[in-house]
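Take a look at this single chain, the form predicted alone, given in structure tokens.
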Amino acid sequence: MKNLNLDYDVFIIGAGPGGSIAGKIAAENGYKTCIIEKDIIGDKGRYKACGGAIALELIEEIDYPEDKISRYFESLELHHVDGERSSKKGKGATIWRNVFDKFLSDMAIESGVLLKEDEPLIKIEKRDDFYRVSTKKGKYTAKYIIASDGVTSTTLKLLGWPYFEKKNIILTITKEMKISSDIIEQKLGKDAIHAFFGIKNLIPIGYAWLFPKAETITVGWGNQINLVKNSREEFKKFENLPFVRNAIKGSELKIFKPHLIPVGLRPKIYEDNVFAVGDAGGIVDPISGKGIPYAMMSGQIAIETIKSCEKRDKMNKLGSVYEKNLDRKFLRVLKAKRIARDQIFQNDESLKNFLRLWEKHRSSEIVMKKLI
């Protein structure tokens, strides 16, 4: 049901994982598709604050090149500040987001997507059955809009969509610390990533992490934003833990960056041919903060929803079908995890109980089987 008078069938704001996969799927299905990205991507991509740990299954699914992987890991080491520690087995790898996102946007381009970088959105308005989009470089028309421009989505702000509740936003701080590969392996192990918990003496609702890459340790901290009093001082408390202090001793600070991530759904994720995907919709694991695979899947599901509703002439069902398809794939579990998150972080004993269970079970299994 394409309108040949429009510039594009599908217009995507944001060239992250959700936007790039949405673009790839749209182009492969014959939709004239454009992605705009506010930043300059260039040959090396653009830096994004992110631990960068992804599961081995995702690496294999997208055939991610081995030479783009920073480090493989076999376990997630779970530390509580009172000294209790457990080890959760799981194969994965750490990646740099600029390299990963560039790989995905290149896939979209190869599928026929037009990518326009260094082109921030200025205005978007509904005109009858299409949208007019204005950027600093041009004006475009399109039938469908994919908002994949992150938690603070300019697209959805301009359209007047409600923002997240504060309890559904995590403030994170990331430091990229340069250090030799040999020292990383001596201090953190050859094939492990590390997460740190402690409601009373570290982070009320959230956790911190040390994720080693080839010659860098990503040092991260995240707390529910309305509980943050002094983020720099609270981050220092984490850095001063003996294990952490030893791990980063002698390292060189390369990047310091705060960032927001959602841990609960935006009050709405669809309206009038506009789909919120990934962080823009709050489609993130509320317990772990994992967002990359859900961004990619939600981008794919948005396009598949458009295609199926056009084919069945059920355009008035786009929103309900989108959410139903998300629910069927993973959203029902994420909603249950959001409820469970409040229970997990009630106190340190409930948190430690969850960490003990998490050592042997997937978090989705713990929640859906009500093991906590």
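A quick note: this is a predicted structure, and the numbers were derived from the prediction, not measured. Counting begins at 1, following the sequence as shown.
One more form of this protein should be noted, the form predicted together with a small molecule, which is absent from this view; the next part is about it.
- Highlighted residues 13, 19 and 37: every one comes within 4.5 Å of the small molecule in the model of the complex, counting any heavy atom.
- Here is the short version: of 97, 187, 88, 80, the single residue with a heavy atom within 4.5 Å of the small molecule in the model of the complex is 97.
- With the partner omitted from this view, the residue of 46, 307, 32, 341 that lies near the small molecule in the model of the complex is 46 [heavy atom within 4.5 Å].
- Residue heavy atoms within 4.5 Å of the small molecule in the model of the complex occur in exactly one stretch of 233-241, 282-290, 247-255, 136-144, and that stretch is 282-290.
- Although the partner is absent here, residue 334 sits far enough away that none of its heavy atoms falls within 4.5 Å of the small molecule in the model of the complex.
- At a distance threshold of 4.5 angstroms between non-hydrogen atoms, residue 206 is out of contact with the small molecule in the model of the complex.
- Residue contact with the small molecule in the model of the complex: residue 172 places a heavy atom within 4.5 Å of it.
- Not displayed here, the small molecule is kept clear of residue 131 by more than 4.5 Å at the level of heavy atoms in the model of the complex.
- CA of residue 57 to CA of residue 45: farther apart by 3 Å or more in the model of the complex than in the shown form.
- In contrast to the form presented, in the model of the complex the C-alpha positions of residue 45 and residue 100 spread farther apart by 3 Å or more.
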